[in-house]
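Here you get one chain, nothing else, as structure tokens; it is the form predicted on its own.
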């Protein structure tokens, strides 16, 4: 085990988060644990409503207030428990040490301020530098993310840029202070495939050049295969499978993961209608007893409807929460 593996950038341990609703408090993620090392990419996979984005917001302490609450668990960043920090201390971590790229860039950019003013604001908030120096660094950041004619873009407003350019601006903003960890929440969902490929290549280059850790939240398994070192699969607020990307793709153990992988089109085969995972993600206010996936599982047994399976090792670092998965 290397020193980096023994001391990861981020260690999330048994995280439990709830949201207050009109029907009562709803647990949206439960018992979520994972690690991210420097220079490595962790992909979080699952359908909409599985808890992927809430996990990222919990890490960043950006849950809606006062409804959102971390009820249990720890988020350790370089040995420092983020759940124990005051809001003032946490503001120093956000943007400087950990940055996040949100799914829709128009919600992350203020439409009434220029790109340059929004970029320099982040630098002036976290680092001791003058306005001229901050503007020069903002210009360099736009060049780094491949924005064409960056000098003029500094004085442009968000609506004057294309969707791909706005996403690059958000990435530039997230990287201005050279964070050690970057969280990207569905960063390519609204982009066409050409721009998506460019954005993913940009992430890869920046991860390798800066040695930062990357958490990539996505439902696109093609992106996972291309980008991930490690994968966690979430369902109904829990991690149901986790491990190295090669092991997850070659030896999936949880029926949910098997179903997701089975729905991928295969270029080498002539196919008709693609298989799907039947049913929908359950209401988190009314989760079924036992395994949350059992009402949709083609392999479900009586025990699955009674007892909740734990996330156990099935092969090396590969773990699965399924009563049918073989134990290592």
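Positions refer to the first chain, counted from 1. This is a predicted model, so every value here is computed, not measured.
Another form, the form predicted in complex with a small molecule, is not on view; read the next lines as being about it.
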item: Heavy atom within 4.5 Å of the small molecule in the model of the complex - the one residue of 52, 61, 40, 294 that qualifies; value: 52
item: Location of the small molecule contact in the model of the complex, chosen stretch of 286-294, 43-51, 30-38, 299-307 [non-hydrogen atom, 4.5 Å]; value: 43-51
item: is_contact(residue 19, the small molecule) in the model of the complex, heavy atom dist at most 4.5 Å; value: yes
item: The small molecule contact at residue 26 in the model of the complex, heavy atom, 4.5 Å; value: yes
